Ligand SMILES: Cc1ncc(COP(=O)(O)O)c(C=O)c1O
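Before any questions on binding or motion, here is one chain by itself as structure tokens, the form predicted on its own.
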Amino acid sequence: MPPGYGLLISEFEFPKVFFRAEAIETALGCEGLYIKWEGSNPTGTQKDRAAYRHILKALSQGYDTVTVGTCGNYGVSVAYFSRLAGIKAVIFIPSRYSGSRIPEMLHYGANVVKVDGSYEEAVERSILAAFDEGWYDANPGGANEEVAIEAFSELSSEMYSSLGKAPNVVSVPLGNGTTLSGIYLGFLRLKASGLIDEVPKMIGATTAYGNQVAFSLRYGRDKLIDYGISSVRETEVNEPLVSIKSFDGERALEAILSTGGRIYEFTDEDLISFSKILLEMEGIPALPASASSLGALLRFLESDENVSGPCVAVVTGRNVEWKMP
């Protein structure tokens, strides 16, 4: 058994931080607004949930190396849990990205491979390397893509447990669509089990400068349509939300359309303003891209007077220090 395996199985638990955003409610005149805060996870984002489940599966199948393509956050998560489990991590990342989280990946012992190309090309390189080298593939769209969907489905149960019922609306930052799709799946299962009557309206929050799911819905499609790279404007602020090829975008579209939800697109200036609201009013150091979920929820409430609480924004941040047990 690799070092750390017992610790992963028996001792690790994700913090369950869920609270009512009373200061924002008072300031903006809304009610029933809640935050599902994922910034208390080990590396500060919800990506830790997927990485944790992938590493467990890799260990159970006897792998000694795991690989992933990333724009930053997910790579840090995979590096962290690989280190915790005592296995190797090989992280592919586009060389043109800001690389602000590369030092953390290296700190956790990952081998970082820079790719001259897009995020999607980094993922493709990682998938090919997994096949050629016999590594565990933790990529979206890869051989084990269902693992991340299952991991994020746990967020639904946590929201249900915190509220004692299902929220009416759930807003989620939208990149590949994986987190939103997983949460939707979790609520579908709660409904099938008889614990809830209705699945919440699913709201996607993303950048105005390049997301395939938003682009497809903007043109009234229920299937993904091609989004040209020439239309993308990628920045350090919107990197987590940009997606030329949304690996779980079809599922996300289904979740949004079947629940009567929407997608809201924001400029970088919008994203920064939402993060300031969360910091100043609730003391939450949210990433601007992640704070999009609050902005989308507020826009939705403004546009539909018939919607009432509870409404939940899933928010992440990375106000964490590098750490390793």
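Just so it is clear, the structure is predicted and the values come from calculations on it, not from any experiment. Sequential numbering from 1, following the sequence displayed.
Below, we refer to the form predicted together with this ligand, which is not included among the displayed structures.
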Open item on the list: Can you tell me if residue 175 lies within 4.5 angstroms of this ligand in the model of the complex, counting non-hydrogen atoms only?
Closed with: yes
- [ ] Examine residue 207 and determine whether its closest non-hydrogen atom to this ligand in the model of the complex is within 4.5 angstroms.
- [x] no
- [ ] Considering only heavy atoms, tell me if residue 287 and this ligand come within 4.5 Å of each other in the model of the complex.
- [x] yes
Open item on the list: Under a 4.5 Å heavy atom criterion, is residue 241 part of the interface with this ligand in the model of the complex?
Closed with: yes
- [ ] Quick one: from 73, 156, 216, 118, grab the residue that has a heavy atom within 4.5 Å of this ligand in the model of the complex.
- [x] 73
Open item on the list: Within 4.5 angstroms, counting heavy atoms, which one of the listed stretches 26 to 34, 46 to 54, 296 to 304, 258 to 266 is next to this ligand in the model of the complex?
Closed with: 46 to 54
